[in-house]
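Just so you know, structure 1 and structure 2 below are the same protein chain in two forms, each on its own as structure tokens.
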Structure 1
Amino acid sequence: MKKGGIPKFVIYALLIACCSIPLFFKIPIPNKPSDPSVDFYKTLSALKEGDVVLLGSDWTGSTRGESKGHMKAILRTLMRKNVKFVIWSSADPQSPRAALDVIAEVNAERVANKEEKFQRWTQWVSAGFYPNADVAINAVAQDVRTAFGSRRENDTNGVQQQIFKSPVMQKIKSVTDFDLVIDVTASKTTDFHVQFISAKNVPLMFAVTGVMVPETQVFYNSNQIKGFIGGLKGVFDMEQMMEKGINVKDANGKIAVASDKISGEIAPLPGVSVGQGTKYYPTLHVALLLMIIMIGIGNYEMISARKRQKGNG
């Protein structure tokens, strides 16, 4: 197993240590949110009470380190702003379950904070899972009433009804009636959303995993999406912006979260917003540091091996 210099076992042990130790400490880390994150929060903040959002949940337990944080931050924002939403999935049969679990968690949080539970049927509905992401997203873009037409949910009296009878879907006749479309995803659904839904001129945003950031940046640069949050940094950005606002001065006159991207300031959201992102970000930090050190060692080994060779030759 020994390749190069350091055995793999040592590298892996170091990574385990670096990833787990910071989880036990509360380490405050300064942050400057990325431009796409700022745009993401700005667009979310601009939503008004009564707006309806189509929220795609295309992630599963495997990427919950990132996607669950995204989902939670988005749901907290929507619920606190009293924005209605429709959940749907097209990437994986597990995805709707993942979203429903997070909704239950955020609702439990609200109950604990003596806020009202966000009600299924009157404030949000779930349109379920549709196999074949490309076909499903295309169908929603072309005719959302047919695409979601057969889905049913219990109304407030426990009677099964078509979801289009719900107060959430009242004004929805086509996909353009949604005030915003967001996809929390760990898969290729970003491409299909841009291809079919963005083409309809509906404001579109993504919450993607870290590895998808470069690809999503392309859509952001070409203005096909309004903004996106990516990876754990995206979760941390969102939590910090929700907690402290953007360019908002604290009691000491210091700006906690600053961005040159917007000229004015955006107010924080009332309520506790820190969570997974703030907790895991120091871990990411240490892991990245470890990576830099390992790359450094690798290069040192290479250079010294070359020197040895030269010396021998």
Structure 2
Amino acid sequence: MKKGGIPKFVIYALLIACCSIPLFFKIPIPNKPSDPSVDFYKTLSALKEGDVVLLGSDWTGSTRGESKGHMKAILRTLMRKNVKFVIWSSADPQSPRAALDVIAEVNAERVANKEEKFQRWTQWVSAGFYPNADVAINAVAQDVRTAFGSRRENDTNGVQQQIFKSPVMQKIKSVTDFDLVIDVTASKTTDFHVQFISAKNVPLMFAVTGVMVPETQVFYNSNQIKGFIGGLKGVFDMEQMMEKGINVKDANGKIAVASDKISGEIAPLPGVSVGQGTKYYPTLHVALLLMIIMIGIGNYEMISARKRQKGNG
């Protein structure tokens, strides 16, 4: 660091402080959910008890700051509405483990909140991992019974059975029998879902990382997907809508979460809703503020150095 600049250890100390101290406080952030997030929540809220969702888990620990929050919000919603789901992965061999860990965490929340645990086999099943995402997604789109035909799960008696014998999959003859398809992803599986699944006229939605939002917005604008949540903002949007609903007035007549995208109200979902989105989103703002300040200081130092050079010249 040149003379007159801020020492490196000071910058790192400020960064650590800005990224850790806000986590210990509940900092309210004004927020208007994006239209894709509103449509995402609206579509999930319209699901009925007994519906079946095909839920792709195509993320790993590398994007857990965003994707884990997406997955938790989706699972909390499906479980509270008693919507059955099939979990599967096609992007990375680590993806199934990440999904199963989150399901266990959400079930632990439910038990702590005196809610019934969502049961494997009767309420959800895992179809496992499939390499070559494009081939796998196309196979599911063409013939889901063949694509998932070799997969087995333990039934309630501990006997291995084909997953199509589970109460979750009994009515599924083709991908069009799913009431909704969702992919939580950090990869190009979105392209393959649009290419193969959207063509089947199945309701399709995504939960993507922040860097994938612009390309996913194209799918949303062209009505190839019903909605999507993107990045940490998407996690925060979901948690706020789950906790407070949309266009719902409180006791004082104020609307906590408003959107012009829909007419009327969409009710909140009772239970544990807030999590890492509500916790991390204020921290992100503080970190970005620090970055802007550091850029300003850096530009000031650069301009001052140039003036000194001209003066010495």
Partner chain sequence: MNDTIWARNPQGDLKMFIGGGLILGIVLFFGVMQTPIQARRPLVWLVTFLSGGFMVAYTYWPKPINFDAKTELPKNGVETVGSFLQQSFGVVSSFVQIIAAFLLGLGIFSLLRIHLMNIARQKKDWVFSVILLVSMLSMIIFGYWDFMIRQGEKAVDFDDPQFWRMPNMVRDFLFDGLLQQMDAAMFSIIAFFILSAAYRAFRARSVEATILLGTALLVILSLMGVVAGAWDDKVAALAGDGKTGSADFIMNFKITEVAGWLKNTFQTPAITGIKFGIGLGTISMALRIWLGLEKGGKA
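Residue numbering: sequential along structure 1, first residue numbered 1. Rigid core here is just the name for the largest C-alpha set that superposes within 1.5 Å across the two forms. What you see is a predicted model, and the numbers here were worked out from it, not measured in a lab.
- Note on provenance: structure 2 matches the form predicted alone.
- Relative to the superposed rigid core, the position of the CA of A256 differs between structures 1 and 2 by less than 2 Å.
- Relative to the superposed rigid core, the position of the CA of I27 differs between structures 1 and 2 by less than 2 Å.
- Domain rotation between structures 1 and 2: smaller rigid part turned by 16 degrees relative to the larger, from C-alpha superpositions.
- Taking the core as reference, the C-alpha deviation of I303 between structures 1 and 2 is 6.9 Å.
- Fit the two forms on the rigid core and the C-alpha of I292 turns out 3.8 Å off between structures 1 and 2.
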